[in-house]
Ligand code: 5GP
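In structure tokens, one chain follows: the form predicted alone.
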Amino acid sequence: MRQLFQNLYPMDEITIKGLTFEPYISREEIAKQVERVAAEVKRDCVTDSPIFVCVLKGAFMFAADFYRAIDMPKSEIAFIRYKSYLGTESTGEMNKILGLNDDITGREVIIIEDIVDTGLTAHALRQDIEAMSPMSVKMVTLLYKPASLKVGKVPEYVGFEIPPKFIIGYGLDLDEQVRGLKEIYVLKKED
């Protein structure tokens, strides 16, 4: 799949913190998937005023594009922050940095994630939100690594299924850097 994107949308390799990343998913492909998943979520919403919960920091770019694409004027957006990564590895520990303060009792809730990898963050999020008595909880993620899932449910809406490789860009970081890249890059395999 990466080869297809690289041929259609040539981007340059980048090196950050001594690691080289190569182009993986172009901004055009990202935009197509954002539009697709937004249409699917909108089609499946049972109310016209769901509350979207963006998981900071990584999902902020996806959430902004998704929220504009879904075009539901009565909907709301809230923010929550969990952290489980250090460098290129998941720590396996969940740290809640910013909790959800909105009253979601009886509300249709859609969590917006950048990536579901091991499922640890997604599982913790669902448990925390379900404890707040919403009408329903679903998850939309731009990226999903099915081979890495250790716990929890498969997200209801997925932009891209990808192999278990480390990626950056479009909100995804390496020690807080490179979130602003408009494309997604993958760690280059060492020869």
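Predicted, not measured: the structure shown is a model, and the values here were computed from it. Heads up: residue numbers just count along the shown sequence, starting at 1.
What comes next is about the form predicted together with the ligand, which is not displayed.
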For this session: Verify the contact flag for Thr118: yes if a non-hydrogen atom of it lies within 4.5 Å of a non-hydrogen atom of the ligand in the model of the complex, no if not.
Result: yes
Exercise. Quick one: does Asp173 come within 4.5 Å of the ligand in the model of the complex, counting heavy atoms only?
Worked result: yes
For this session: May I ask you to state whether Phe160 is within 4.5 Å of the ligand in the model of the complex, using heavy atom distances?
Result: no
Exercise. With the cut-off set at 4.5 Å between non-hydrogen atoms, does Tyr67 touch the ligand in the model of the complex?
Worked result: no
For this session: Could you tell me which of 25 to 33, 42 to 50, 161 to 169, 132 to 140 sits within 4.5 Å of the ligand in the model of the complex, going by non-hydrogen atoms?
Result: 161 to 169
Problem set entry | Stretch 12 to 30: residues contacting the ligand in the model of the complex, 4.5 Å heavy atom cut-off | none
